[in-house]
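Just the one chain here, the form predicted on its own, laid out as structure tokens.
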């Protein structure tokens, strides 16, 4: 009985550890400031001493950070967790299974959060377009000519968006398409492996 008390708090099933990983992810990746160490310990491991829980939380937080920063696929994750189970002071097989299941369910959301946190500038959130016919103009030769109206929503996550409305005549649309084609060619050249 004394040996069981010296180990990290034993989870009753996998729920407390899975919830701990969820709490760590909420605080680290989803910007939930209210998820504190005290809250997690009180809700998930109330019987654990603060030092024991702090060690468990630090270990799980470090593992999750390593997994997330490497954006591990399932094969990489399996190899990583196997190495962690064999390491002295590492994790148990049950803990590895919980971590693997958690990562499988949360990988995409955590990856998107990391990408959003690393962006400095606004991004294109949405774009709509339509083609209208000009019915009024200062110059009579511009009446009944088609124009493309492009509306773009720009912004960062959790911030108010800005809207940009552009109007293009046929020449400007062709010029824009030419520039976009040049961008596509440059990107293709950069991504091709030799």
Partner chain sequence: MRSARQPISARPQAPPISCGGFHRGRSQSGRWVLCGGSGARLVCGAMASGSAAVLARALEALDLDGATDKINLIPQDFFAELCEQVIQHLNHKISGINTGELCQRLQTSGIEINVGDLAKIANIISFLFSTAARNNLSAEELVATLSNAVSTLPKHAVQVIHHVWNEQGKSISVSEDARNMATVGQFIDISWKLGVAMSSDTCRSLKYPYVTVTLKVADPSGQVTNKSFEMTIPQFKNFFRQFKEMAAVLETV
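Positions refer to the first chain, counted from 1. Note that this is a predicted model, so its numbers are computed, not measured.
Just so you know, the form predicted in complex with the partner chain exists too; it's not on screen, but the next bit is about it.
- This chain lacks the partner; the member of 49, 127, 39, 58 within 4.5 angstroms of the partner chain in the predicted complex by a non-hydrogen atom is 127.
- A single residue from the set 82, 117, 105, 92 has any heavy atom within 4.5 angstroms of the partner chain in the predicted complex; that residue is 117.
- In the predicted complex, at least one heavy atom of residue 71 sits within 4.5 Å of a heavy atom of the partner chain.
- Interface residue remark: residue 131 is counted as part of the site for the partner chain in the predicted complex, having a heavy atom within 4.5 Å.
- Put simply, residue 172 is close to the partner chain in the predicted complex: some heavy atom of it is within 4.5 Å.
- Residue contact check for residue 176: one or more of its heavy atoms lie within 4.5 Å of the partner chain in the predicted complex.
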